[in-house]
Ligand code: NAP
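The chain that follows stands alone, in the form predicted on its own, written as structure tokens.
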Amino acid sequence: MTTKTAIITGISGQDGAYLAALLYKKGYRIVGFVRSSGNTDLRGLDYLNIRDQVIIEECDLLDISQIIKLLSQYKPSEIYNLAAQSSVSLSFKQPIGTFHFNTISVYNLLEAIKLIDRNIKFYQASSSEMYGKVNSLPITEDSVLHPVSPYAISKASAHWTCIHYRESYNLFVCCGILFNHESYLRNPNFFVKKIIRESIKISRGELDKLLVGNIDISRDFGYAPLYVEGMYLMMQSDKAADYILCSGKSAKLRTIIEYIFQKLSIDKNRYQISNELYRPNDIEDIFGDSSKAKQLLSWDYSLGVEEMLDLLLAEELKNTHL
């Protein structure tokens, strides 16, 4: 039996690490694309004990010639594109760079597939942020897109690019529309990770207050290690399609802070609102409906937000040095 090869762009992020671990268990040969092997943080792969099982290749996704060369070399059966400038806040400061990378990289990958081997399956990491100001909740795959940030606009453009290549060139292209999904490997600038890490510091007397922005908005939060299973299932389907992965419920950010504070016996007055952390525009409430993924892919997800927070807090405490 021939070993399947999967390429993962954005291998250094939480999704890349958990997906690599899953694919390794499935018997894949894994190739991870990074911008620069010398400057890329691969601690997620080390943490999951799969660093030695991943082939790391430098690849500038804005240079299609590099992509073509590596696809010809490794002959992948699947490509998971997780690479992006993924910070909503940063996108307001760097809108042009965000749009340029998040769209052109997708065009280059799809064009390379079209030129090299149209049988390569392609997964695109789309985002719930694309929906923005929605008319009704929950969001489904058919909801109207109304992005409200440069990041969301770039993701919406890449999303429609994928649909175009699927419909025009009959490529196997799946878009996973993931709502917020968290893990111990989450980048520290993301909300839940920041709240847990800084709350632990407050509980240990290492930090006085938790500074936050708008915490009266609500988001749909899930557990990343289970979401990457949904990505894998999409690529094993007979027919390419787009799927929402979400918990199906939203939680107010203020409620998350107060839950973590309660778990760590921190006084409720130890957080402070900072106007500097507000975004120019934000979504008030957003949650999705993952019925399609559960029915057609048999994706199994039932964790509530408190169960997820308990898992994250326990893992953070286990790995935080005293």
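This one's a predicted model, so the numbers in the text were calculated from it and none came from an experiment. Residue numbers run from 1 along the displayed sequence.
Keep in mind that the form predicted together with the ligand is not shown, yet the notes after this line are about it.
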4.5 Å heavy atom contact with the ligand in the predicted complex for all of G10, F101 and S127: yes
So which of S250, S149, S86, S199 reaches within 4.5 angstroms of the ligand in the predicted complex, heavy atom to heavy atom? S86
Can you pick out, from Y131, F179, Y243, Y165, the residue that has a heavy atom within 4.5 Å of the ligand in the predicted complex? F179
Using the partner position in the predicted complex, report whether T40 sits within 4.5 Å of the ligand, counting heavy atoms only. yes
The ligand contact in the predicted complex: R35, any heavy atom under 4.5 Å: yes
May I ask you to state whether I120 is within 4.5 Å of the ligand in the predicted complex, using heavy atom distances? no
With heavy atoms only and a cut-off of 4.5 Å, decide whether V192 touches the ligand in the predicted complex. no
Have a look at 234 to 242, 157 to 165, 72 to 80, 179 to 187 and name the one stretch with heavy atoms inside 4.5 Å of the ligand in the predicted complex. 179 to 187
